[in-house]
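The chain below stands alone and is given as structure tokens, in the form predicted on its own.
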């Protein structure tokens, strides 16, 4: 009898082990070609294309760029952005105002359509040498990041304007692309209508260099902290430290992943001053991300 009980015990035990083992098996691997990129127009999904689908839109090219994140030249395999937009949105995309790129890490770049009409942009999907599609981002404490499924790059080797733009309009890990208008998508970001020219210009600079990561009144990127609600950064960070934080974050916090203002842009001191002027103005125009009630 005891032998029978012992055999039954071990049979049950081994069955449980097998079941539990299956529960913790790694998920089946999937190819990046299976990842779907969503295309939206004013919040409504109008198309979804996998990386395999993109190969049928336009021939891939090998494009050499100055990789701003790494401060060196790189060659990527990429698809022309305009051809992709034509396929996903039809040629009417050129009449839109903004294109928002949402990344898997929370980055949210909002780029005027006019930039895509004036300069050649591409969606990289691999390194030309077929090495792992990653990058060591020296702008963010040498963090090694995944670039796929898509990485927006610009043909910038001979363009001073694009090089001065820095990395703010180069989102990686792009999973969603949306046509929109800025006022509709981000109604609580602009400063008061009667704000000074300095504040208005500071707002444009914040849009360009900061809002892809940070939010104001709950609007902007989801990669870094909210800066205005319920307490503005200008209310708890001393002015001299806020200036240093914007221009050179690592001088304040060791190993921070925040990148400072691009070194390439002219008049960095003036740019910082205008961004802070905008932040001060918004500290008096707080709006709850949930209730949307002005305080």
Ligand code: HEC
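This is a predicted model, so every value here is computed, not measured. Residue numbers count along the first chain shown, from 1.
Not on display, but discussed next: the form predicted in complex with the named molecule.
- Think of it this way: in the predicted bound form, the named molecule has a heavy atom of just one of 57, 60, 49, 257 within 4.5 Å, and the residue is 257.
- Only one of the listed residues (119, 185, 82, 223) places a non-hydrogen atom within 4.5 angstroms of the named molecule in the predicted bound form, and that residue is 223.
- Shown here without its partner, the chain carries 115, 150 and 179, none of which come within 4.5 Å of the named molecule in the predicted bound form through any heavy atom.
- The named molecule in the predicted bound form is not approached by residue 68, whose heavy atoms all lie more than 4.5 angstroms from it.
- For the chain shown alone, residue 93 is not a contact residue for the named molecule in the predicted bound form, no non-hydrogen atom being within 4.5 angstroms.
- At a distance threshold of 4.5 angstroms between non-hydrogen atoms, residue 210 is in contact with the named molecule in the predicted bound form.
- In the predicted bound form, the named molecule lies farther than 4.5 Å from every heavy atom of residue 89.
- Checking 192-200, 213-221, 150-158, 128-136 against the named molecule in the predicted bound form, the stretch whose residues place heavy atoms within 4.5 Å of it is 213-221.
- Interface residues of 91-121, taken as those with a heavy atom within 4.5 Å of the named molecule in the predicted bound form (partner not displayed), are limited to 107.
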